[in-house]
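One chain comes next, on its own, written as structure tokens: the form predicted on its own.
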């Protein structure tokens, strides 16, 4: 199978490239023509491809002319639509970094382009592949939890300083609300079987990093059509000196009681005398690897990979509503063309 990687802009791109290069069942080709636009000191282009041990071409046209079976899009958020549409037009299955788009209109256009081309579209939400979440979802599907009444979660991390575009509203579409709302929105979407969000209230500020143009801390509250509420702490609140970049947790209130989920809990903790800092050494399966395997298996089998494009639309709609809530200082309705279609695809 031929797999192309479009852009090294996203911080996850290096992980995907290394994992793909290590596989014996795929050929990998990469391209990152926008590397020259990045600030001095940021990696990319042919030099990063050589460091990662993957083949490289200078343009996306060359990349798609290679005839890939699948394309992994890792560009800046605002460029997702153009790159997904180009990959779909080339007849390739698409795995796109999250968030799917910076607007519902773009997300729905991307979903439509892939459907018209007859290729699958998957969104890169690796946390839903964590064993603890898979177990929680299976227990809920089996009826062990009863009805879910409320969800709350944290997705906290450092400011993604390694890539300046994350804090550029023109390229990212926003700050911490854009970056860290969608993972938990995806987990809620999976647990609730695609029940759409209908109402969102958000608050945010730049108190932690006032020099940035985008919000760095936020709370987003989501109400779903079945009455379930989700509250998300989506802040870039970890200091640069912290030994771990970020983490994610979720609490579920159901008929069966309270269930706490921490996909990154498996770790050995310690202290580095040399660096005078705490050590967190994680172990367990690589979630990026699990996600890539699910995507490639679906491409090979001709099945629909999940989370699909409609999940990307629904999670993008929550983020879009959150920014409308911030502007209007009130709770707002979620607006998507397919907002009342209950489907997990």
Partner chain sequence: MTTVGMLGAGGIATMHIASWLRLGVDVLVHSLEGADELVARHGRGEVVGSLDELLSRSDLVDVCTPTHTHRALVEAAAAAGKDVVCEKPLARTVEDTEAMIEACRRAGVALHPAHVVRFFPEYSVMHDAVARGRLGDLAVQRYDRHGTAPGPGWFRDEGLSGGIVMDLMIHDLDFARWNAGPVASVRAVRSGAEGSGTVAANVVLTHRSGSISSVGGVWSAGPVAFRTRFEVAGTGGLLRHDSADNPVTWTNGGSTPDRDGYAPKVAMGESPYLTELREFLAATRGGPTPRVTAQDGLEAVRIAQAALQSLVVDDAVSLEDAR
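Quick caveat: nothing in here was measured; it's all calculated off a predicted structure. Residue numbers count along the first chain shown, from 1.
Omitted from view is the form predicted in complex with the partner chain, to which the following refers.
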Quiz item: With the cut-off set at 4.5 Å between non-hydrogen atoms, does residue 237 touch the partner chain in the predicted complex?
Solution: yes
Practice problem: Using the partner position in the predicted complex, report whether residue 213 sits within 4.5 Å of the partner chain, counting heavy atoms only. | Solution: no
Self-check item: Distance check, residue 330 to the partner chain in the predicted complex, heavy atom within 4.5 Å
Solution: yes
Quiz prompt | Contact flag, residue 138 vs the partner chain in the predicted complex, heavy atom cut 4.5 Å | solution = no
Quiz item: Picking from 69-77, 185-193, 223-231, 159-167, which part of the chain touches the partner chain in the predicted complex when contact means heavy atoms within 4.5 Å?
Solution: 223-231
Exercise. May I ask whether 203, 217 and 257 each come within 4.5 Å of the partner chain in the predicted complex, counting any non-hydrogen atom?
Key: yes
Practice problem: Could you check which residue among 253, 127, 119, 132 gets a heavy atom within 4.5 Å of the partner chain in the predicted complex? | Solution: 253
Quiz item: Which listed residue (112, 244, 207, 89) meets the criterion of a heavy atom within 4.5 Å of the partner chain in the predicted complex?
Solution: 207
Quiz item: Who in 87-125 is close to the partner chain in the predicted complex, meaning a heavy atom within 4.5 Å?
Solution: none
